[in-house]
Ligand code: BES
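This document opens with one chain alone, in structure tokens, the form predicted alone.
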Amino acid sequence: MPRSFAADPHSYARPNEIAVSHLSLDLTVDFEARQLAGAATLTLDRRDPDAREVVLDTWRLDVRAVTTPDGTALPYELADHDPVFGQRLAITTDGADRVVVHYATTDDARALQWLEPQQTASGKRFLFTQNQPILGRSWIPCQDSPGVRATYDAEVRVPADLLALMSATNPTARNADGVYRFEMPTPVPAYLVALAVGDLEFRELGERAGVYAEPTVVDAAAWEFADTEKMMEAAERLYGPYRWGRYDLLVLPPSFPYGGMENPRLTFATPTLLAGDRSLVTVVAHELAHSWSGNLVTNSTWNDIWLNEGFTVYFETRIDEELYGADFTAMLLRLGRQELEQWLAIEEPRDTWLELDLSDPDEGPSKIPYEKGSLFLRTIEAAVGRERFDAFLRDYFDRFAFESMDTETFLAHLREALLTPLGITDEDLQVEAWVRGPGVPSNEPHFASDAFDRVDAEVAAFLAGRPAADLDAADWVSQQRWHFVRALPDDLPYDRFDEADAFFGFSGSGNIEIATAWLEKVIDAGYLFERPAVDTAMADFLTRHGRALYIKKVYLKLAATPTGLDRAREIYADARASYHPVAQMAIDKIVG
């Protein structure tokens, strides 16, 4: 008997009755109408022999007909629209093993972003999707739950001067007729189905890896991501074989709302990673790690997202340690702990648990599941030893490969396979406090960093009056500069902010982590409102970038005061149209 699907509060689907096992898409991309139109053929796995309906998730789709593959009409009901979950589509199957939904997307397809030529590096139109967490239903009628997996294939027609790519087998060059065919033979959840269409070129990074980007960007991207194949090898040494064939990246235009999206075989990446010094490639390690934690073993519902993201942050830092050493990783761990502290200070206590209770997954969790989840795994590692914990994780990825996982099932497996044989109890690890308690329990590990200790010494000297130009900072890497910004007090005299900015160039930094930390600092200090040049740099930052987490941080700081809120609204009025719907939803709530 197949394993039952977990009840998903964020999906209408009833996969324990009838599950979708394969999706076949036939779509035309119409840039003029900003529409995808065609059909989705769904192969059904009838798990309950008495079930007569297959239930799908949709979001304002224009459903034109539902038929069998031979064209016989099938009864269906499209329910009223819910502002969070969209519309329930119930199809009476009449015993059919496959159903065909003929449909088109509408202007409210929140997974799709249609970019005009002026919004791209190539000066040509661009389309990309972003399904996670529950936006896939806005362009595909599907069972939009991370616990439901299906294989898929697609035929996609696009303008002949553009290239289409999906999270599947991909071409490396354009077709003359603009018709592309894709296949994903490994079952994936709906949130991992992805499509991009643009003026794209490909560069090899290794035997199994490559990068796509617009022509003026692709060479810089290939240089920045040169270590990708080495990351793959390091990950495999840790936790077993990479099971997805190729690992390619696609660098999207600036409006992409995330650092990366772990679409199988084709990670979507923000251009903000192209810092010019490979200082932000840890995001690539993060998205690669998702090939195990997330894509291979997937959270059953979005309330269990820490099982994706906390594991992935832990795995990411282990890859970084393999490639760049323990000293480098210690800086990342300290920065992650600082990030966690910032979010703990602004979130409600219930939202700081690992096991969440999300009313709307599209509002997105904070970084807490990422950093607190990783810290919990580091706590387990410290208790059992790295060798045992690595063996446990490798077995975990093998044992539950291509399955979904919920929090309680993971904890039961953790006890049975690792803790109990060693005589370690839940109380010893404070498991309940980690998973279903606010904040961070007292048994967290602490991370020393000699590199940051050196920064702290220079911060102390700077605060004691030493000129910025005399600081021993010539060999600092970007993480040290980031730590320096965070360590500055909010009541620093404005002329010292001037001095630090003039020496380090924080206002114009090409590193989004440093630039964001600087803007947060100078807004809190009131300095930004006294320096027109810094205010201009902030406006440029918020207009040029669409990476939701980072612009959200700046808007939150601005919105904390009446003066700042007025400025935020002024900037947002100009910038909003260039943001992805994911970012718009987040910023709309902040600026009102």
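We number the residues from 1 along the sequence you see. This one's a predicted model, so the numbers in the text were calculated from it and none came from an experiment.
The protein also exists as the form predicted together with this ligand; that form is not presented, and the subsequent description refers to it.
Partner contact region in the predicted bound form: 541 to 549, out of 59 to 67, 563 to 571, 541 to 549, 30 to 38, criterion any non-hydrogen atom within 4.5 Å of this ligand.
Between this ligand and the residues 86, 253, 189, 365, the one pair within 4.5 Å by heavy atoms in the predicted bound form involves 365.
Of the residues given (132, 143, 113, 167), 132 alone sits with a heavy atom within 4.5 Å of this ligand in the predicted bound form. Among heavy atoms of residue 309, some come within 4.5 Å of this ligand in the predicted bound form.
In the predicted bound form, this ligand sits within 4.5 Å of a heavy atom of residue 259. Proximity of residue 305 to this ligand in the predicted bound form falls within the 4.5 Å heavy atom cutoff. Contact check for residue 520: no non-hydrogen atom falls within 4.5 Å of this ligand in the predicted bound form. Taken together, the three residues 22, 26 and 152 all stay farther than 4.5 Å from this ligand in the predicted bound form, as judged by their closest heavy atom. Along 283 to 307, residues 283, 286, 287, 290, 305 each place a heavy atom within 4.5 Å of this ligand in the predicted bound form.
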